[in-house]
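The chain below stands alone and is given in structure tokens; this is the form predicted alone.
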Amino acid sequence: MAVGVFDSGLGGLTVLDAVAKRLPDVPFVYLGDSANAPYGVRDADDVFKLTKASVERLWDAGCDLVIMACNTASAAALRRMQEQGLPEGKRVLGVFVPLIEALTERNWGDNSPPREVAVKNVALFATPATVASRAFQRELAFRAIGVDVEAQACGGLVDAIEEGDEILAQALVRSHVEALKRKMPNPQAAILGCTHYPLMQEHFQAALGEDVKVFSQADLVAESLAYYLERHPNMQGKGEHSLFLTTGDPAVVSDKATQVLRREIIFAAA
């Protein structure tokens, strides 16, 4: 009955926490590829190979459905994996689409032609790899027209969050917001396009100002997953227990994860 959740490190715990609260009876297997984090500075081929290996590990753990709770992996690997063909009965879902559907005020699965939306100026904060992929702009173009997206690559921010250096992380948020505002002085909405960034959401909001609506992914993905499982209950795999797996040092990752979620998290070696 398990569903897999994958991230390059600890950022996907923000998604895991939300989906576990929304679906308390579903066991989740979380895999963080901490040994190879961060993905955001890697090239697309490297991200694809690492993502494919991690997703296959979750399939082996009894997860027929895997949530790719990493924007860099969703941007660089998801479509390529789908185009190459997934094994029968296996599915991989990314985290971009629920966010874009919320931004464009579309219902889940609305495949009508792109249309005008209220928000015209959108700031996208993401990793360098996600920005380079232009995956967000591509998915947005399927659903909306007339939207100006200004992307800001937030170098160093994932590393600071993973290391627990909150002072540096806050300084980097302010610096990246200032750089974005030099290109787009008055964004109407801001997308936190990395699952690490909700951990700094209040600081993004403070730097952007109260008039900017900040979208992050965890709750949106949780609602989309709940709706998906209502329509596809067979996609819950054979696994029966919740697990936390890491390619890094389990003791170190467990300590960091416990700090992130403020409850004890015990990781095992993947």
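Residue indices: 1-based, along the sequence shown. All values derive from a computational prediction rather than experimental measurement.
Here the subject shifts to the form predicted together with a small molecule, a form of this protein not shown in this document.
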| item | value |
| --- | --- |
| Heavy atom contact within 4.5 Å of the small molecule in the model of the complex, the stretch among 59-67, 201-209, 32-40, 227-235 | 32-40 |
| In the model of the complex, the one of Val122, Val158, Ile100, Leu180 near the small molecule [non-hydrogen atom within 4.5 angstroms] | Val158 |
| Contact test in the model of the complex: Cys194 vs the small molecule, heavy atoms, 4.5 Å | yes |
